[in-house]
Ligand code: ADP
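A single chain, nothing else alongside it, follows as structure tokens in the form predicted alone.
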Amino acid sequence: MHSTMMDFPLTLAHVFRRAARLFGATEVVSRLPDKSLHRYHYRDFHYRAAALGGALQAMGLKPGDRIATLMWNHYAHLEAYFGIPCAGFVLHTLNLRLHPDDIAFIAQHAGDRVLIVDDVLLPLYEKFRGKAHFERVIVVPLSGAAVAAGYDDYEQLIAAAPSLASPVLDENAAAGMCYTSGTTGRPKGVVYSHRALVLHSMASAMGDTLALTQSDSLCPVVPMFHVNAWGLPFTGVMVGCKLVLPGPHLDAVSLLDLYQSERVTFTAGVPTIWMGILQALEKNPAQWTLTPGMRMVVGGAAASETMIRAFDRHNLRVLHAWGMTETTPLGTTAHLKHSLQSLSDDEKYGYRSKQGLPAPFVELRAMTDDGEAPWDGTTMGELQVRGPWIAAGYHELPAEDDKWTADGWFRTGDVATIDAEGYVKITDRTKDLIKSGGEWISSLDLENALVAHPAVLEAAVIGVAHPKWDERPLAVIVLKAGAQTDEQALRAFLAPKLAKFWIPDAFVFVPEIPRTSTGKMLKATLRERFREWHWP
């Protein structure tokens, strides 16, 4: 027996039309480079995004052609998010924090034909323009200055654009692409279909994932060039909520001012952003009146229990999430199950500092050399994942298929435990686990234990070769401004919390820890720096 359902394609065009029809009066607020606020409404966004699509079609581009963006989070980038895929093209966000040579490599590898760039980022474009060959470069005049000859002016293009010829879109056609900001090797391209982005948006909006609704005021701090700002612009437009886009100003004071003025209820970013915000709040708690219970999604790297507790004291709610470029990115969120509400506060924080439960349609397993790890919360294995918005391969990289198992699971490279309730806890990257005397040590657990010390701002733990134990942990520590502690005090602090063999054999104090463009610690750089370390 067959169903008699309509064949209704899941495409961003539906999300785009719905937003204009139902939420035309909803506001989109963007902070510009000069710190002023640009305000308009969904109806303006819809008109302009459609005009952008029409202008690109008039350039003679073919369906499936890649259009690159080199932009901060603001209204014109939002227009590109919908105008490009709804015109039948592929949105390719370039990560402006990468080295210019890497940006050029990515644009060439993707075959980008057109670039849309903020005028304030033209100096960055100049550094790689000789190595990337765009047919047209469209400049967004954010600063109000005239656009130089040889470039297309974004505003003039939109003003003169023919109307968008709405193509019939295949839900499996490419709508967007992002490259991984991997800590090793060349970046790899992940292509997202319309169907994947629509299903991801629907799952993200659910009450037990990100719970976005039309009444929210959403501020994605995570850049729109980093895994589509975790899909939040798509989800936000789908539900019709107010959007608050912070532009290039991501310092704590600028963000807190924006949260206050725009009554933000939901924000998202990496832990380095939240550490800065926490320091500003601790210093001047009375300076800002924020929405009580404002939800703050943390992803990209693990948030410590210490940070989650500290924000609770300010009546701000940290929600832990996990995902990757290859997972579009939402994989898990750490909401407490109803059955766990009667636990002690300490036990609840234990659950909230895990990566959480898989979203609907995301299936997870942890694999060991002996097969699937039991869901016992202690057996570590490589986290593998599958689902309708999980990548099945990389763009034009057939040699990378060792990242997928023969039975179709994506191998994340993360090491995790899964407990009896189904909560995932990432204990490390496979390459960051420390093997000491035949036993595994989680560098992540050690780092979280160290940042609970009142003097410690950041900690990175690496395995260094040891003549007797194979490897031993070395802790690299950044202290808070004006704070002091020493190796002996840190050892004493860790002793009651961890197995004796886990406690680092040495501690090094440094001014900062090297990081990737997306805030992940560069452990490989630290391992290289301390490769010749001599144990006492």
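Just so we're clear, the structure is a prediction, and the values are computed from it rather than from any experiment. One-based numbering along the sequence shown.
Not pictured, yet referred to below: the form predicted together with this ligand.
Heavy atoms of Gly381 never reach within 4.5 Å of this ligand in the predicted complex, leaving it off the interface. Shown alone here, Asn73 lies farther than 4.5 Å from this ligand in the predicted complex, counting heavy atoms only.
Proximity of Met324 to this ligand in the predicted complex: non-hydrogen atoms within 4.5 Å are present. In the predicted complex, this ligand sits within 4.5 Å of a heavy atom of Lys520. Heavy atoms within 4.5 Å of this ligand in the predicted complex belong, among the stretches 300-308, 193-201, 147-155, 260-268, to residues of 300-308. Note on the partner interface in the predicted complex: the residue among Thr209, Gln355, Thr93, Ser442 having a heavy atom within 4.5 angstroms of this ligand is Gln355. When this ligand is considered in the predicted complex, only one residue from Arg113, Lys242, His77, His320 comes within 4.5 Å through any heavy atom, namely His320. Residues Ser181, Asp414 and Ile426 are all found to lie within 4.5 Å of this ligand in the predicted complex, as judged by heavy atom distances.
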